[in-house]
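So this first bit is one chain, no partners, the form predicted on its own, shown in structure tokens.
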């Protein structure tokens, strides 16, 4: 019974977070000074020449319906919740009219997932391993060196790292392309090779800074746990240092790292904005930038709504698996 109560409360929190998030996302773009319908009409008029007033008005009404701007604000909001949140139907994109937003996101999202998820998982794994060693064996010289490297790398903004990598390995050495130019070909082998080559520099820029943060955070947690009485008692019992590190220090330090990992994995659905812009990488982050510049309401709503749902769901999953990771937590 306690387990079901625990799960029910977490599901309720998950639903409330999503509802509050998408509500803000709905109202904020409508505060923008530009109107996507008028922008679209101006674009069409410039391409087709002069248009009669009746044609313009009929087009305006049609576009307002398609962009979810017809009716009162409350009617627009309920329509958005029904079609967007529950149906993932965000309407056509202003930038690529009349292509649906969901279809465009579906083309860009796999690139972001491949780049960001891979970088986050590798950085989390390496960072926690190194941080555990640095915190558990903090008096060793190697631990101090690793900690120093992490402290040096972490404060550097990842877009600065991206620019340095682009200049050194792309412009000066010419080992990798400065901007992504992924081949869209039916040859699967050529496509994978092109994808890997164009993803290396963006991934390294995310990996270096991300690993530095995980090292610092895990080292702080592990060094604190290593001073606890139960760790000293384990040593008095004659347990090996490897077993103490894995069974005592790691298990009692990893919980908050799992939470941060869940948030990081959920956040990748919004793309690594600056990195994707610098390398012209065809991910969701670059798509969000283009949508903001074009005042593409539907695209902004679609990408951010998916990101909110992803982050909330990742956090929910982390909450549900906590009792399996840390025996001190119970379904209560």
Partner chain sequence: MKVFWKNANLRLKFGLIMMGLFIVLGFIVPLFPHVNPIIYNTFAKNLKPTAVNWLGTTALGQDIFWLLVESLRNSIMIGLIVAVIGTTVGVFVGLLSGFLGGFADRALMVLTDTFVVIPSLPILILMTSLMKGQASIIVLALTLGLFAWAWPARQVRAMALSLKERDFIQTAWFSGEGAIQTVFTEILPFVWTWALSNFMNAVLVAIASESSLAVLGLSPANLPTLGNMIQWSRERNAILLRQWNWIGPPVVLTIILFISLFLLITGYNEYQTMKRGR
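Residue numbers count along the first chain shown, from 1. Quick caveat: nothing in here was measured; it's all calculated off a predicted structure.
From this point on, the text means the form predicted in complex with the partner chain, which you will not see here.
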(message) Looking at 182, 160, 129, 234 here, can you tell me which has any non-hydrogen atom within 4.5 angstroms of the partner chain in the predicted bound form?
(response) 160
(request) Counting non-hydrogen atoms within 4.5 angstroms of the partner chain in the predicted bound form, say which of 198, 257, 166, 112 makes the cut. (result) 166
(message) Heavy atoms within 4.5 Å of the partner chain in the predicted bound form: which stretch in 89 to 97, 76 to 84, 236 to 244, 144 to 152 meets that?
(response) 144 to 152
(message) Each of 11, 203 and 318 having a non-hydrogen atom within 4.5 Å of the partner chain in the predicted bound form: is that the case here?
(response) no
(request) Answer with yes or no whether residue 230 is in contact with the partner chain in the predicted bound form, where contact means some heavy atom within 4.5 Å. (result) no
(message) Check residue 265 for me: does it contact the partner chain in the predicted bound form (non-hydrogen atoms, 4.5 angstroms)?
(response) no
(message) Using a 4.5 angstroms cut-off on non-hydrogen atoms, would residue 175 count as touching the partner chain in the predicted bound form?
(response) no
(request) Mark residue 122 yes when one of its heavy atoms lies within 4.5 Å of a heavy atom of the partner chain in the predicted bound form, and no otherwise. (result) no
(request) Enumerate the residues of 12 to 26 that have a non-hydrogen atom within 4.5 Å of the partner chain in the predicted bound form, in sequence order, or give none. (result) 13, 16, 17, 20, 21, 24, 25
